[in-house]
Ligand SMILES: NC(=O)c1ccc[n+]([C@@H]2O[C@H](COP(=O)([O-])OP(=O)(O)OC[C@H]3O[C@@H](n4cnc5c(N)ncnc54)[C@H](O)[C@@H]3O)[C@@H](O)[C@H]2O)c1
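Single chain ahead, by itself, as structure tokens, in the form predicted on its own.
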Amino acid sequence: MNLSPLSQRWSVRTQLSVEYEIVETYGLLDPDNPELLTVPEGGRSTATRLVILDHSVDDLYGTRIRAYFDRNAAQVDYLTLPGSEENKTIERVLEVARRLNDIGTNRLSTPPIVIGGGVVADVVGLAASLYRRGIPFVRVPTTLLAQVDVSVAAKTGVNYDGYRNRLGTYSPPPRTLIDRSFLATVSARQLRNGMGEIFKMALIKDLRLFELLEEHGKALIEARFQDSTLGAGGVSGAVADEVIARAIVGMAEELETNLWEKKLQRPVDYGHSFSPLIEMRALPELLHGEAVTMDCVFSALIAANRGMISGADLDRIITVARKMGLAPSHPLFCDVDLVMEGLTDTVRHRDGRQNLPMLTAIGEVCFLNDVTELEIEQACKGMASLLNSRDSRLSSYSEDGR
């Protein structure tokens, strides 16, 4: 038999247009508010939909949520999941998929609704992206972190093998619904957790947002982002709306041009260069936004030691973090070997380059690919100094006395 030496090749080229909306609506659980009933393509579905709640939401709002769907004669099946980071696992994804299967979820017309924080939203998002190779879902973030960060993101993910978000997909829900009134029942610590991501956005691109946090951050947390009486240190709802809106718009601007992360120099990776591994090693001690804040300070120390930002800016960054109740340091950020291990994994994630977002001013970044172990050691010493002192003035700190 003679085999032809001919080599053949085919190329398939296509495009996928992606559009999704983030809707801010007040009184989402008012039975007369139609937003929860609307499916992404418009109209309503009469078939059964799965509504997934995180355990805290079920405790606080479960009765109201069930009353909402009952009043609207909607066919709903409920699933409650734990919302802690330790439960962000592939097993929870399979639990959601099994329930979708049990109720006979349609390909398009019965999108599941997830109501809760970022952990449950990520779990459900990953399940939806895998079920029937991808179905739409509706996301209702109820924590500050989820409203300003998860609400915009296209990514889903779960932790795996000791690493944060090691398994995941890019699968944005067609609709995300935000209601600031949910924040009234969020704990002060969880609000500070969300402030960590807002703090990051302010540092990388929005001086006005940083100034709002500087002036009102503590009061916003105390008021739980609700309209409060002015005159006794209160803060207006307009300030809360502006802070949330600027964080969401800033994130959307960054993601819109690089949704699939084909470009690995991403300003929004600020605060996420050294912290992912540390956060996992510290579980359950550190929340995500707390670890991000510390990473922001760690990176600012590197920038200050290089002379890229002034000592005054460094002091200002640390002061604002502390004013909002966010600790700027943790003992694990003083462990040079662990920080270097975290950076090594980040370099793999960024395809062999550091691509470290680094401040050149508050609200501006550049990227570095030549940060040395000596610089890491210097920054770790700076983090140790922060642990040992409540003084935020580190402008005189540097290995070379700068």
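What you see is a predicted model, and the numbers here were worked out from it, not measured in a lab. Numbers for residues come from their place in the sequence shown, where the first is 1.
A second form of this protein, the form predicted in complex with the named molecule, is not displayed here; the remarks below concern that form.
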With the named molecule left out here, work out from 99-107, 236-244, 314-322, 185-193 which stretch has heavy atoms within 4.5 Å of it in the model of the complex. 185-193
Of 166, 306, 155, 205, which one comes within 4.5 Å of the named molecule in the model of the complex, counting heavy atoms only? 155
Although the partner isn't part of this model, could you tell me whether residue 143 comes within 4.5 Å of the named molecule in the model of the complex, counting any heavy atom of the residue? yes
Residue 346 versus the named molecule, in the model of the complex: is there a non-hydrogen atom within 4.5 Å? no
For residue 57, is any heavy atom within 4.5 Å of the named molecule in the model of the complex, or not? yes
Can you tell me if residue 122 lies within 4.5 angstroms of the named molecule in the model of the complex, counting non-hydrogen atoms only? yes
At a 4.5 angstroms cut-off on non-hydrogen atoms, which residues of 67-95 are near the named molecule in the model of the complex? List them in order. 83, 84, 85, 88
